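Two forms of a single protein chain come next, each set out by itself as structure tokens; they are called structure 1 and structure 2.
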Structure 1
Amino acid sequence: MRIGFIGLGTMGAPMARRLLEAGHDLTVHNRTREREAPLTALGARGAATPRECARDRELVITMVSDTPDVQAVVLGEEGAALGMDAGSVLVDMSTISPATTRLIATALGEHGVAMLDAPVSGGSEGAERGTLSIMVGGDPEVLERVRPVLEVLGSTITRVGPSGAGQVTKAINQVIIAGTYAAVAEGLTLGLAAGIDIEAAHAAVSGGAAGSWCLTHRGPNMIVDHYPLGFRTRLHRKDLGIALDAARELGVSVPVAAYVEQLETSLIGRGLGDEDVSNIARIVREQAGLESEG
């Protein structure tokens, strides 16, 4: 398929590479244009603007940082929308606002361009290996047209409803992660303060109703107060901010998620935003008077 790919960061670059390797005809664009070089070396064509990147493409994929970035690269002055033909499809795989997603989809619809929101989870490792989980909002027939392309990028592709629903699902994911980390941090800190055999306690509770991905995979790091990546705290706060905005618009009160957003804000302010998001345990530990390295 003729694909334009916009946004070659930690996630976008390996995703674009997988599409090239799968035989697709790719144009690429990145704001910092030097990042296009590794992909043009593999056969992609670089484009000076999103508009140029989108010209004569059947599918345009955007994978950028935040809501304003998607607005700019799609609907901005030299945006992709200006280059796209009626009948083509835009798939936004960034994590952005569900409400803004619906506005962009409506604007594109007026040009005859269909849009899917398709945020992912699974991190840069998932992007490299093509094992992302992709949560899709939008028209099911449009999804079927681009599914073979998404299958190059992800091992699980789930349609979760109309335009914006993919972004809502990503928000659910980040809200649940936030609270689960807080729960694990509180429980383990209690054990650390009590001076019990915390590794044994961790093993004892991990297999039962207290069990979670966070407890199994990040609990050991919380115990030793060391937070290698993983997923950066500043990126999780960005996603959680989107989720809190969405919850506010819908009138949904999510006090645990809001509390965790505050912990993350403190960590970022202290220069710890590039650690793994499990570092919220730092604050829970500090508040208990346990020493922390931060």
Structure 2
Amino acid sequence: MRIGFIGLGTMGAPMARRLLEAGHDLTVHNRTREREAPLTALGARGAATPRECARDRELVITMVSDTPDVQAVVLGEEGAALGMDAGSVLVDMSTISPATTRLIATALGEHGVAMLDAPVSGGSEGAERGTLSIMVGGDPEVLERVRPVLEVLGSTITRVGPSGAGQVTKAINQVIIAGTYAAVAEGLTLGLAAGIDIEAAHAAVSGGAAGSWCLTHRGPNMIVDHYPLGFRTRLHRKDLGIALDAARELGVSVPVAAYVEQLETSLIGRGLGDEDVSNIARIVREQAGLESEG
């Protein structure tokens, strides 16, 4: 398929590479143009603007940081919408506001372009391995058209409702993750403070009802107080902001998510926003009187 891919960050770059390796005809664009080079070296074409990236493409995928970024790369002066033909599809895999998603979908629809919101979960590991969980909002027939492409990127592809529903589902995901990270940090800090064999304790609880992806894959980071990048704290904080806005609009109380948002805001203020989000354990450790590298 002829695909345009916009946004080559921690998640987008490996996703685009997987599409290229799967044999798709790929054009790429990134605001920092140097990030296109590893992909153009493998055979992709670079594009100077989102509009150019979208020209003559059957499918355009966006994977950028925030709601204003998606609006700019899709509907801006040199946005992808200006290069897309009627009958083509835009799949936004960013995490943005559900309301803005619906507005963009409506604007594209007026020009005969279909849109799916398809945010993902699984971190940079999932992007590298093609094992992302993809939450899709939009027309089921459009999803079936692009499903073979999404299957290169994710092992779980679930339509959750109409336009915007994918973003609501991602908000649910981020609220749950927030609470899980906080609980894992508190539990492991309890063990560290007690002076027990924390690696053995980690293995023991991982095999029981407390087991989770977070405990298995990020618990070791928390134990050694080292947080190599999987998903940036500042981006999770942005996602929680979207979730908290949605919760306020719906009158839903999410106090755990609000608490974690405060922890992440503090970490970002300390210059730690580009570490992995498991670094909320830094604060839990400090509150327990354990030394932290940060």
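Sequence positions of structure 1, starting at 1, serve as the residue numbers. Quantities reported herein were computed from a predicted structural model and do not represent experimental measurements. Rigid core (definition): largest C-alpha set, two forms, superposition within 1.5 Å.
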The chain seen in the form predicted in complex with another copy of the chain is the one numbered 1
Classify residue 218 as shifted (yes) or not shifted (no) between structure 1 and structure 2, where shifted means its C-alpha moves by 2 Å or more with the rigid core superposed. yes
If we fit on the core, is the Cα of residue 253 displaced 2 Å or more between structure 1 and structure 2? yes
Degrees turned by the smaller rigid body between structure 1 and structure 2, as judged from C-alpha superposition: 14
To one decimal place, what C-alpha displacement in Å is found for residue 189 between structure 1 and structure 2 with the rigid core superposed? 6.4
